[in-house]
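First comes one chain, alone, set out as structure tokens in the form predicted alone.
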Amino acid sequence: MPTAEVITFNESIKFMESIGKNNLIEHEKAITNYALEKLRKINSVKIIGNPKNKAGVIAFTIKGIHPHDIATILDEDGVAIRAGHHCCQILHEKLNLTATARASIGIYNTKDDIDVLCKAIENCRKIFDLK
């Protein structure tokens, strides 16, 4: 039996219940909206998708920079994102995208984290000499 997994799953549920489902959702929404607002102001960043009920996941590209390069440079600045197809290769093909970068937002994230993300993206743009 996966005892450690059962115990940690139980503790995760307790943690979420202590914060409250609605509080979790509202926090994620607020930080996601802040991130979208900030990212849209960065020249050459393109947000992929705009669903009506947005979760705390933002897929994006930066014109002229491969998403794997974005992820590598952001990692050097201490920012963890994912790059690739994100289990959606067919969708990427349909959208004519080789890959996307993806930032995920959760209860532990703050507006300061988003500011650090945006600063790291600006650094990435400088490295690739994008205006």
Partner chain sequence: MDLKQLYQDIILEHGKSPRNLGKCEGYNHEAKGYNPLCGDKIHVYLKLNNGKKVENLTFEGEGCAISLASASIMTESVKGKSFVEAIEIMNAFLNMVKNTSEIQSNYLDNDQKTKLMSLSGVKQFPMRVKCATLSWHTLSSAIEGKKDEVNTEIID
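Bear in mind that the values here come from a model prediction, so they are computed numbers and not experimental data. Numbering follows the first chain given and starts at 1.
Missing here is the form predicted together with its partner chain; even so, the following discussion is about that form.
Undergrad: Looking at 52-60, 97-105, 22-30, 39-47, which stretch has residues with any non-hydrogen atom within 4.5 Å of its partner chain in the predicted complex?
TA: Single hit among the candidates: 97-105.
Undergrad: Can we say Ile114, Lys119 and Glu122 each have a non-hydrogen atom within 4.5 Å of its partner chain in the predicted complex?
TA: Verified in the predicted complex; spot residues all out of contact, no.
Undergrad: Wondering, does Asp129 line up within 4.5 Å of its partner chain in the predicted complex on heavy atoms?
TA: Yes, Asp129 is a contact residue.
Undergrad: When the contact criterion is heavy atoms within 4.5 Å, does Ile73 count as touching its partner chain in the predicted complex?
TA: Output for Ile73 is yes: heavy atoms within 4.5 Å of its partner chain.
Undergrad: Do Val79 and its partner chain come within 4.5 Å of each other in the predicted complex, heavy atoms counted?
TA: Flag for Val79 set to no.
Undergrad: Give a yes or no for Ala35: in the predicted complex, does one of its heavy atoms lie within 4.5 Å of a heavy atom belonging to its partner chain?
TA: Judged by the heavy-atom cut-off of 4.5 Å, Ala35 is well away from its partner chain in the predicted complex.
Undergrad: So which bits of 56-87 sit within 4.5 Å of its partner chain in the predicted complex, heavy atoms only?
TA: Those in contact are His66, His68, Asp69, Thr72, Ile73, Glu76, Ala83, Gly84, His85.
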